[in-house]
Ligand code: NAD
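Okay, so here's just one chain, in structure tokens, the form predicted on its own.
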């Protein structure tokens, strides 16, 4: 808990709640960061190595992401300790128990994240009702199925063409992490003419400088296979994805995959952060000094939360895609223009924009916590 207080500042976190029920093997945490703009929205992340500190960092990222996207929601995040590939019945028990333990925390709206999906959110709806990212059958907009986050990333890349020596047509892309975000970002960029030359998942990397067939890779992943089973291509270890020369590099997996120790291995023109906090701040500084344009996470990957907020308002897929395109393009351009004009990191420009919006919302409230 002391580590969490070290992360506290004038914006939050508002609440840190630990949930422990040894009878069912439940261990989880919720961080509600800031709710000045409205109830917090943030995914439930399930992994064996999550931490409360990581949860707090991700909750703050959601505060800024929601503010940057100009949504009437604050930021929060929840984590569950466990293997997301555990037997379905066991996973359902943990998620149902977790959301029931948090039933009274109305300042947090559940959403899917790494290790959880629409089916998991259906269990949450059945228990407490306060959730987004539901299956289509329950009135939701299936974020993973339609590729909301990847769609937003493709628009961020399109805008970035005006700020770096890059054209999507013929651009070589490398994607670290081929889950819902990575595969859809790849697909949308390929439709715009980009060429995927390397993709990695938890088992390794597949590399082909002549290009990879994204549809074949998606079909392979849907069948439960690793990307490394794709042919033709050179099979490499997972870390090798960092060294492959490209025009666009997309981290779409875990936090802190790029840091001071490996940032100089990147050889690319543009980085678009599909994952949350995938690059340390020190590494982002190094990228800036090298002249590599880097679009930060809570700007580039906001498509999912925009879609979720649209769902929460009762709107459909058409409205969601329209909102994602409009907000992603406007915010990406504003951030990159400010960064260029003030000669600062894009993250610093994005943080200033988001913080300003949060502080303006806080100024209208008698109490910041309600």
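Residue numbers count along the first chain shown, from 1. Think of the rigid core as the biggest set of C-alphas that the two forms share within 1.5 Å after superposition. Bear in mind that the values here come from a model prediction, so they are computed numbers and not experimental data.
Separately, the form predicted together with ligand NAD exists; it is not shown, and the next lines address it.
Chemist: Looking at 79, 275, 198, 270 here, can you tell me which has any non-hydrogen atom within 4.5 angstroms of ligand NAD in the predicted bound form?
Modeler: When ligand NAD is considered in the predicted bound form, the option within 4.5 Å is 275.
Chemist: From the list 111, 295, 143, 250, which entry has a heavy atom within 4.5 Å of ligand NAD in the predicted bound form?
Modeler: Result of the distance check: 143.
Chemist: Heavy atoms within 4.5 Å of ligand NAD in the predicted bound form: does residue 233 have any?
Modeler: No.
Chemist: Are any of the heavy atoms in residue 116 no more than 4.5 Å from a heavy atom of ligand NAD in the predicted bound form?
Modeler: No - in the predicted bound form, heavy atoms of residue 116 and ligand NAD never come within 4.5 Å of each other.
Chemist: Is residue 202 one of the residues lying within 4.5 Å of ligand NAD in the predicted bound form, judged by heavy atom distances?
Modeler: Yes, residue 202 is a contact residue.
Chemist: Is residue 185 part of the interface with ligand NAD in the predicted bound form - any heavy atom within 4.5 Å?
Modeler: Although ligand NAD is absent here, residue 185 would stay clear of it in the predicted bound form, with no heavy atoms inside 4.5 Å.
Chemist: Would you mind picking out the stretch of 160-168, 210-218, 287-295, 143-151 that comes within 4.5 angstroms of ligand NAD in the predicted bound form, counting non-hydrogen atoms?
Modeler: It is the stretch 143-151.
Chemist: For the heavy atom contacts within 4.5 Å of ligand NAD in the predicted bound form, list the residues of 42-65 involved, in sequence order.
Modeler: If the 4.5 Å heavy-atom criterion is applied to ligand NAD in the predicted bound form, 42-65 yields only 65.
Chemist: If you line up the core, does residue 69 shift 2 angstroms or more at its C-alpha between this form and the one not shown?
Modeler: Comparing forms between this form and the one not shown, the residue 69 CA shifts below 2 Å.
Chemist: Using a superposition on the rigid core, decide whether the Cα position of residue 327 changes by 2 angstroms or more between this form and the one not shown.
Modeler: No, shifts by less than 2 Å.
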